[in-house]
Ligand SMILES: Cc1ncc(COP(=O)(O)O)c(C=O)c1O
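Only one chain is included here, represented as structure tokens and corresponding to the form predicted alone.
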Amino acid sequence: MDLRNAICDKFRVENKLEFKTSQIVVSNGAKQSIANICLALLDEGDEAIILAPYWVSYVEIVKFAGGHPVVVSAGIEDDFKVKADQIKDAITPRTKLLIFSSPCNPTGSVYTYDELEAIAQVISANGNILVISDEIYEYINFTGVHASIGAFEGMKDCTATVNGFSKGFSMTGWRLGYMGGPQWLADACNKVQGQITSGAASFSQEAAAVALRANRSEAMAMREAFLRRRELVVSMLKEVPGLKVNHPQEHFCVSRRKPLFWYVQWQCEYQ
């Protein structure tokens, strides 16, 4: 309960999201939060729109839950950000979910307020689609601005905001994530999780509550280190003949454990 109270405070202060503690589900990592939602929501053949480039597990989690992934892509010319009209065109009567991350893993792109507002208008007008907003890289963001799609008009009851402690607080091995969403979804996710892992380790929950209530000085110092690495890596990549490089607005290409060649190889394959 102490951690769920701290999460509610964090959502309210930093994301303009109002939740009761009963609407918060703490899991063994943000990945489990996403899996809980998909298992609770998707029936066989339901469609989930996934904005690409995407984190590798989104598609597999959707398929594991019986859903059908519908991948909607954006290229380097759009800074790897899918437009609202593309999402609108991909919606069918079978669409149940929209999944995306901002700040984005793996591209480092950050959706602006206006871009998220346009997407929110498409989703809220439909009325039958739940958004999973993966915001785990919220603190490793070089733009200075983070917007949560769940805070836009009409999105409160159709958004599950997912976050965790692995990235911004460097607690990767502690396996702790959480989601805040409509009460019916939180209840369903609790039922799913209760039959799989029961709950996250109590000692990591205590540590996470302390982390959320502390100042963000260490996280911001880490962000500045990642920013310096970005500038170095991007400047070097731009010197490679024939390689197109965008300017990532957050961390991914320079702070993850994956080596640089993995990122360059992925970009080349995607292009």
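Counting begins at 1, following the sequence as shown. Since the structure is predicted, the reported quantities are computational estimates derived from the model, not experimental observations.
We do not show the form predicted together with the ligand, though everything after this point is about it.
In the predicted complex, the ligand stays beyond 4.5 Å of every heavy atom belonging to S148. Of the heavy atoms in S166, some are within 4.5 Å of the ligand in the predicted complex. Contact check for S109: every heavy atom lies farther than 4.5 Å from the ligand in the predicted complex.
Taking non-hydrogen atoms only, I37 never approaches the ligand to within 4.5 angstroms in the predicted complex.
Across the options 118-126, 195-203, 101-109, 139-147, residues that bring heavy atoms within 4.5 Å of the ligand in the predicted complex belong to 101-109.
A heavy atom within 4.5 Å of the ligand in the predicted complex is found for one listed residue only; from K83, K156, K96, R175, this is R175. With the partner omitted from this view, the residue of R223, H68, R216, K31 that lies near the ligand in the predicted complex is K31 [heavy atom within 4.5 Å].
Contact residues in stretch 54-75 (any heavy atom within 4.5 Å of the ligand, taken in the predicted complex) are W55, Y58.
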